[in-house]
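One chain follows as structure tokens, the form predicted on its own.
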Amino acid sequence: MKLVPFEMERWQSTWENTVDFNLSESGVQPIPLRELLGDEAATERFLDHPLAYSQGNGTPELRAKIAAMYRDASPGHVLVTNGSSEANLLAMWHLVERGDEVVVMLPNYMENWGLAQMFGGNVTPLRLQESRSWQFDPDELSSLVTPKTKAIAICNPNNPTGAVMGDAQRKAVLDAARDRGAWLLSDEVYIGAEREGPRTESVWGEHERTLIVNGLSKAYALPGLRIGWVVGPPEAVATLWAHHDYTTLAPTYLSDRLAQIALAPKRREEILARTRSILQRNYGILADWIRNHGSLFSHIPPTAGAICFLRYALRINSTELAWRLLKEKSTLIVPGDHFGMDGFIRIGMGDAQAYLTKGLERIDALIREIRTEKGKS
């Protein structure tokens, strides 16, 4: 197997803990453990948990809470993983064999793009179009899916654009998967992180060959728990569990128990309300900042996620721009190159207001310097 470099993850994991301002993150401020536990009595009870192995596929209690979020699902439809990234790995490992075709929505979190190629698949991009408010052309999808298409991989709500798939696009994806008997792999990790509009509807229950990937890192603001999951047909989930035996074996005992707390219905809605509040507040700050730059930036307002995908009008490559921002201003963003789209940057807006504002000021400082340099050239 030839490794396909995962540029964005290498970029973030190398630098995110060394900079003054990390504006590369796509989730909101993580919830403190004390806040999640709720009170001193609950905290004391939690401290008595043993540091033991947990059940490999997730405890029945946690899988039941996850299954309850999906129509007609049972614990047997659920595999708990170490983050949604492991869920994607297991799904692609199971689905893709050499020579298979995989249609992947782009731009996207590039894990599935790389994994499909590493397992010998041929990747066909399904491109979101800025002119369509980051929707794809439904007619184009029908031309991309062939008898050799093994899977269609989507991300909804989308990373990096924050767009939610429209009704016509949703119908096109489901029709294409059904017509060709292809699997539908739906990354739904930003469901619940809608800044505006209703909660995004999962595609679960619309096509029998569907695998849903989700987790607690983004909408739930609990990335440190490393809890993700796959929801799918029980026989497929059983096979994924066998693959899981060769990767991480089991979620951690404490993370499983904390996830049970987070996904209790009342607490779950409280957490998602917190996320929505942060996004509504902080997008206002970022939108004002964008407007203050006139024609320098343009963007389609994100519907979901703590991210904003900006086109910029500077004569500089996006990786060079991000690298200079890192080295000269100790501030981290994601260059559009990491999504195959130079001329764009992704800015995270999920942290504290003051933190976001100061990080944006660092970007301002670099922009002034670049404009001065270009004026002299």
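Just so you know, these numbers come straight off a predicted model, no measurement behind them. The first residue of the shown sequence is 1; numbering continues from there.
Unshown form predicted in complex with a small molecule; subsequent notes refer to it.
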Check residue 155 for me: does it contact the small molecule in the model of the complex (non-hydrogen atoms, 4.5 angstroms)? yes
Within a 4.5 Å heavy atom cut-off, is residue 159 in contact with the small molecule in the model of the complex? yes
Taking 4.5 angstroms as the cut-off for heavy atoms, does residue 289 touch the small molecule in the model of the complex? no
Residue 318, heavy atom within 4.5 angstroms of the small molecule in the model of the complex: no
Based on heavy atom distances of 4.5 Å or less, which listed stretch (187-195, 115-123, 130-138, 162-170) is in contact with the small molecule in the model of the complex? 187-195
Of 204, 93, 109, 283, which one comes within 4.5 Å of the small molecule in the model of the complex, counting heavy atoms only? 109
Residue within 4.5 Å of the small molecule in the model of the complex by heavy atom, from 217, 260, 210, 303, is 217
